[in-house]
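One chain comes next, on its own, written out as C-alpha cells in the form predicted on its own.
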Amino acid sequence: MSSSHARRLFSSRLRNARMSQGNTFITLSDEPAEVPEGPLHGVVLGIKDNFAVEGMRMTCASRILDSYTAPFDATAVSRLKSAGCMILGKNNMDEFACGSSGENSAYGPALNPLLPGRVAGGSSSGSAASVAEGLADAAMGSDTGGSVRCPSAYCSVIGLKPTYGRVSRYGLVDLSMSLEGPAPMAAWGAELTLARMMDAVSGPDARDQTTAFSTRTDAERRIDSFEPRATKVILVQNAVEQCSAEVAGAFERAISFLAERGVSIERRRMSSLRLALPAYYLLMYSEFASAMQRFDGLKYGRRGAGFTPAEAMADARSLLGPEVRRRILLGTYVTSREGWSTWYERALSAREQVSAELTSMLQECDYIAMPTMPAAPFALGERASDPVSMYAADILTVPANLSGIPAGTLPVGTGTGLQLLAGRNGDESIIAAMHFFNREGWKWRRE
C-alpha cells in the first residue's frame, strides 16, 4: 500500500468514526503527516484510552482525567507506530478498566455493532467494537481478567492476552499490576495482522522490569505451524457446564471442527476453577486500591477545590464513578490489618493452586480449551445494579491471568468465543491455531 493510499484510507475511516453512533472512541486523531514503512504499514489502529499516546488525551474513561494529555508514548504505542500503524484514536472503555460490559465509562457505553441493545463487553469495549464496526483494522487493549477476550468474544473479533511480561506495560495505566498487560485484537481473518502486532510490541523494555527475561515473538513466521494430527487439546468440561445452551452448542461445534481434522480431544475437569474468580477479585481489588492512591487531585487527576489537601482530594475523588469507588473500598479492606490473613493471603494461595493445575495440564497437551464467556452478551443495563452477576461473567477468563499464561479467543458464533490457553511463551501457537480455523474454512456464522 502506498503512503498516499494509506492516508486516503485513514481519512475515510476518520470521517466514518466521526459520523458513527457507536461511541467507540473518546478522542479521535488528526490526519497523519506521514505513514512510516514497516510490517504494519497502513494498518488503522485503535488504542484503549488507558495507554499514553504523546499529545493526546488519556482519560481512562474517567472525569478525573478529562483534561489530561499524555507527554509521551507508551512502549507498545511507540513500537506500533514504528511498525507503520496509523492511530485513529483513543478507544472508549470501562472507567479505569473497572468493568466487564463497557457500561462504566464516564462518556457512556460503547455499543455492540453486531448485537444492537447488547453490551460490547469490557473493559476494552470500544477497542473491540471499533474493529467489529470496521472503523479500525485492529486495536490495542489491555487484559486484566478477560478485558480483551470478553469484548472480542462479544463483538466476534479475535483477541490475544499475551504471556505476562512479554509486552511492556510502560505507559499503561493498569487496573492490577500483577495481572494486566497490553493485549492486541483484530478482525476475524486478520490473524497475520495480530501476529505482526505481537512481533512489533513484544520483547524486553528497560523501563518495565517484568519484561527483563522476555523474548520477541516470531508469530508471523510461525503462523502456519499448527499441525492438527500432532496436536492435543484438553477441554475443561466443568467450564462448559457453566455455560448457556447457546454458548455450549457453539463451542462444541468448534471442537468437532478440530476433531474432524485430526486434533486429539480429551475432556477433563479442572478442580481449581471454583477458586479462580474469588482469588482474582480479591487480588485485583487490593492492587487497584494501591494504584489509585496517585489519582488524588494533587499528583494526578483534576485538581479538587478546597483549602486543605484533604478537602481537595475529597472533591477530586467525587468525580470517580461508583464501580471505581467500590473497588477502592473493597481493596482497602482486603489489605487492612483485619482482612490481610483472612482474605489476601488466602487469595494468594488460591492463585498458586490455579496456576499449578493449569501448568500441570499443559505439560500433557498443547492447548486447554474452554468457552470464552459463559453466556452471550446481555442487554444494556441488565446487570448495572448487580455487580456480583457482572463479576461472575469473568469466571472462564481469569484463570489465564492468575497464572500469567497466554490465552486467545476466536468467534464461534455471534457474540460467542472459543478460548485457547497455551503454556508460557506459547503466544505464537495460539495465533497459529486461530489461523488454522480460518485457513480450514471455519464458518462461525451459520449460513
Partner chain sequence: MAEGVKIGLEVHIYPRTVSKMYCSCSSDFLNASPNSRICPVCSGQPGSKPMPPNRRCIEAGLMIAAALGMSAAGAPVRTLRKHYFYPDLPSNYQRTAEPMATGGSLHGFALGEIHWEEDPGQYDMAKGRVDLNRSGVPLLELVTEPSMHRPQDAMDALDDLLLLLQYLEIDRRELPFKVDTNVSVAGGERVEVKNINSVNGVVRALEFEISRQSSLLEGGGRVEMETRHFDEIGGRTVSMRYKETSEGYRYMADPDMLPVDLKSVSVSCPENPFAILARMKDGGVREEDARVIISDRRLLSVYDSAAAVTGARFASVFVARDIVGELNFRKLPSCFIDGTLIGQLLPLASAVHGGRLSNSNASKLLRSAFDGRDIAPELAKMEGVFAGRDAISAVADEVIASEKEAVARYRKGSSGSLNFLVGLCMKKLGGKAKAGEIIAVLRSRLDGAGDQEMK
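Positions refer to the first chain, counted from 1. Just so it is clear, the model here is predicted, and its values are computed rather than measured.
Missing here is the form predicted in complex with its partner chain; even so, the following discussion is about that form.
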property: Contact assignment for its partner chain in the model of the complex, among 210, 231, 78, 193, heavy atom within 4.5 Å; result: 210
property: Option touching its partner chain, based on a heavy atom within 4.5 Å in the model of the complex, out of 256, 215, 293, 318; result: 293
property: 4.5 Å heavy atom contact, residue 68 to its partner chain in the model of the complex; result: yes
property: Close approach of residue 286 to its partner chain in the model of the complex, 4.5 Å, heavy atom; result: yes
property: Residue contact check: residue 166 to its partner chain in the model of the complex, 4.5 Å heavy atom; result: no
property: Residue 44: touches its partner chain in the model of the complex, heavy atom cutoff 4.5 angstroms; result: no
property: Contact segment among 70-78, 358-366, 318-326, 112-120, judged by heavy atoms lying within 4.5 Å of its partner chain in the model of the complex; result: 70-78
property: Residues from 168-185 in contact with its partner chain (non-hydrogen atom within 4.5 Å) in the model of the complex; result: 169, 170, 171, 172, 173, 174, 177, 178
